[in-house]
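Just one chain is shown here, as structure tokens, and it is the form predicted on its own.
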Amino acid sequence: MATATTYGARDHARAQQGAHAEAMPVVPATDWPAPPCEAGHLVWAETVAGGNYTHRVLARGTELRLTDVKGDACAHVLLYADGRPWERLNTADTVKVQWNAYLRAGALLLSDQGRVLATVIADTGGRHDALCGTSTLVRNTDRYGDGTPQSASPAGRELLKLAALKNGLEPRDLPPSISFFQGVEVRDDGVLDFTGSAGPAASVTLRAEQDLIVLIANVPHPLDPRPDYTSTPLEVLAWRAAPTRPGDWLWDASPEGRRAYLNTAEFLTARGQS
């Protein structure tokens, strides 16, 4: 089909309606072929290509499932309280308050206000990282020859900058991120060992405990030793559900977690959100 003219370009673009690519958002999300919930509850369905990013605002109680489709995805995630972006994911407090550097089901993703942004409610992989953050322009340029967003080896921070800008945030608003699907362990001497992926189809599910801005970059982990830029598709699905409440096993799983949930509940109640 000729695209040299405006009419030809328009006709070509319209002819793509209904076409599907390996990595793309599905709109409406309810058209996703195999939703993990009642079809009407699905609010976000997307496959993010390796070396790409995505973002979304999610309501409190929404459950977000990330899946490493082929075994070489790495989801670098940032969370912000929607409307209050100064309350954001704090990886240091997430690790320190819970006495644990390793994210598993039951882990709380905390802000520096002592409140819960999201809860890890399910995890089939166990290979995650709350210590290293994501890759940078300087590092990727040195390692792969380029780290700009439009290159074949974009850095995670550069992609997160773009996602942030689309939500009214600036580069200075980017704290260290959490990485899912590529793990790191701390040796007795303090050296970080890269443990790699749990393999294809590993998934992790987060529950939003506040209204959230979610930023995700799917790029290689900064400690990945492979010489080639290796990043495969990431599946992102989200559906309406309910936040964690008293009586849920997670609420009283630890004294520190219970305090964080109570801090969150008190704050939201004062704002008229019960």
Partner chain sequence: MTVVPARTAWSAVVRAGELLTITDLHGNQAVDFLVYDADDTAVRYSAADTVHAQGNIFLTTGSVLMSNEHTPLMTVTEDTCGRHDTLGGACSKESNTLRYGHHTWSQHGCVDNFLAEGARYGLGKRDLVSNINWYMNVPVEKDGTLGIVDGISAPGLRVTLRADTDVLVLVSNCPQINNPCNGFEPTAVDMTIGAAPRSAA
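Keep in mind that what you see is a predicted model, and the values were worked out from it rather than measured. Numbering follows the first chain given and starts at 1.
What comes next is about the form predicted together with its partner chain, which does not appear here.
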{"item": "Of Asn167, Thr124, Thr136, Ser151, the one that lies within 4.5 Å of its partner chain in the predicted complex (heavy atoms)", "value": "Thr136"}
{"item": "Residue contact check: Asp173 to its partner chain in the predicted complex, 4.5 Å heavy atom", "value": "yes"}
{"item": "Interface membership of Ser197, its partner chain in the predicted complex, 4.5 Å heavy atom rule", "value": "no"}
{"item": "Contact of Glu158 with its partner chain in the predicted complex (heavy atom, 4.5 Å)", "value": "yes"}
{"item": "Residue contact check: Thr141 to its partner chain in the predicted complex, 4.5 Å heavy atom", "value": "no"}
{"item": "Segment that reaches its partner chain in the predicted complex - one of 66-74, 203-211, 33-41, 220-228, heavy atoms within 4.5 Å", "value": "220-228"}
{"item": "Stretch 174-193: residues contacting its partner chain in the predicted complex, 4.5 Å heavy atom cut-off", "value": "Pro175, Pro176, Val186, Asp188, Asp189, Gly190, Val191, Leu192"}
